[in-house]
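First, one chain by itself: the form predicted alone, in structure tokens.
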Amino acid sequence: MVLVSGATSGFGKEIAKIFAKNGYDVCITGRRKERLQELKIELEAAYKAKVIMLQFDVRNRQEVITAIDGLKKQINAVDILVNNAGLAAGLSTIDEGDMDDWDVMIDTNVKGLLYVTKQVLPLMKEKGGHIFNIGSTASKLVYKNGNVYCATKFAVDALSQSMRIDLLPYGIKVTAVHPGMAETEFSLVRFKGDAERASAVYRGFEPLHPEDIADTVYYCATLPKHVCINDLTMTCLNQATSMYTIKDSERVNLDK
């Protein structure tokens, strides 16, 4: 069984798809019930997969506990946990920051990851397994106005390292995947539904696609049992770091 948090869109949706396509049972979780239902129907129809749907908000500790307790009555083990649920809210200097945005990011990106992992681990300890934590290039290098979002992703990086140590006796792999700019709902959420501002982020070059991250997670998950990719940072061709990108028009043209 593969459990994917934040499976209603973006990385999570494509990760659920690639595992279902390759014969895995999947548990999809998220806040938006209608989207979960649509994905469940799609995966069952396209791949004949066994799909369990859990609707909860990772920020709500009791919802997480109740949902995973219910899952424990249906299955004996989770082989792969993908902590994908996460978001950015706002883009401003620390002195102009919205404290409600801060709470949402910390509660989702850090506490939500902890809540889900804590509840799922009893389903992994006996047989071992693999945890994927989806971070960001913002886990590695802070950028202007990124402050709290970057802090939460630095926390994901630190927690991944800690989990790898703490869970080593149980034979549980921990892989942190840190994508760069990828065209999902990420910027739309960050800019509170401003579609024009969100689309401008990726204008002038081809960013990563959700399928790229899904392919990477699947690759790492299907390596030999003795091999673990601990930490992986990936960007599109036009991005070097979380701070430095160029547009296609800015590339050196040696044919000139």
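All values derive from a computational prediction rather than experimental measurement. Don't overthink the numbering: it's just position in the shown sequence, from 1.
What follows is about the form predicted together with a small molecule, which we do not show.
Peer 1: Select from the listed residues 192, 48, 203, 32 the one whose heavy atoms reach within 4.5 Å of the small molecule in the model of the complex.
Peer 2: Selected option: 32.
Peer 1: Among 121, 167, 87, 110, which has any heavy atom within 4.5 Å of the small molecule in the model of the complex?
Peer 2: The option sitting close enough to the partner is 87.
Peer 1: Pick from 95-103, 70-78, 130-138, 168-176: which stretch has a heavy atom within 4.5 Å of the small molecule in the model of the complex?
Peer 2: Flagged stretch: 130-138.
Peer 1: Is there a non-hydrogen atom of residue 185 within 4.5 angstroms of a non-hydrogen atom of the small molecule in the model of the complex?
Peer 2: Yes, residue 185 is a contact residue.
Peer 1: Heavy atom to heavy atom, is residue 57 within 4.5 Å of the small molecule in the model of the complex?
Peer 2: Yes.
Peer 1: Evaluate residue 159 for contact with the small molecule in the model of the complex, applying a 4.5 angstroms cut-off between non-hydrogen atoms, and reply yes or no.
Peer 2: Close contact is absent here: in the model of the complex, residue 159 is far from the small molecule, nothing within 4.5 Å, heavy atoms only.
Peer 1: Decide whether residue 149 counts as a contact residue for the small molecule in the model of the complex under a heavy atom distance cut-off of 4.5 Å.
Peer 2: Yes, residue 149 is a contact residue.
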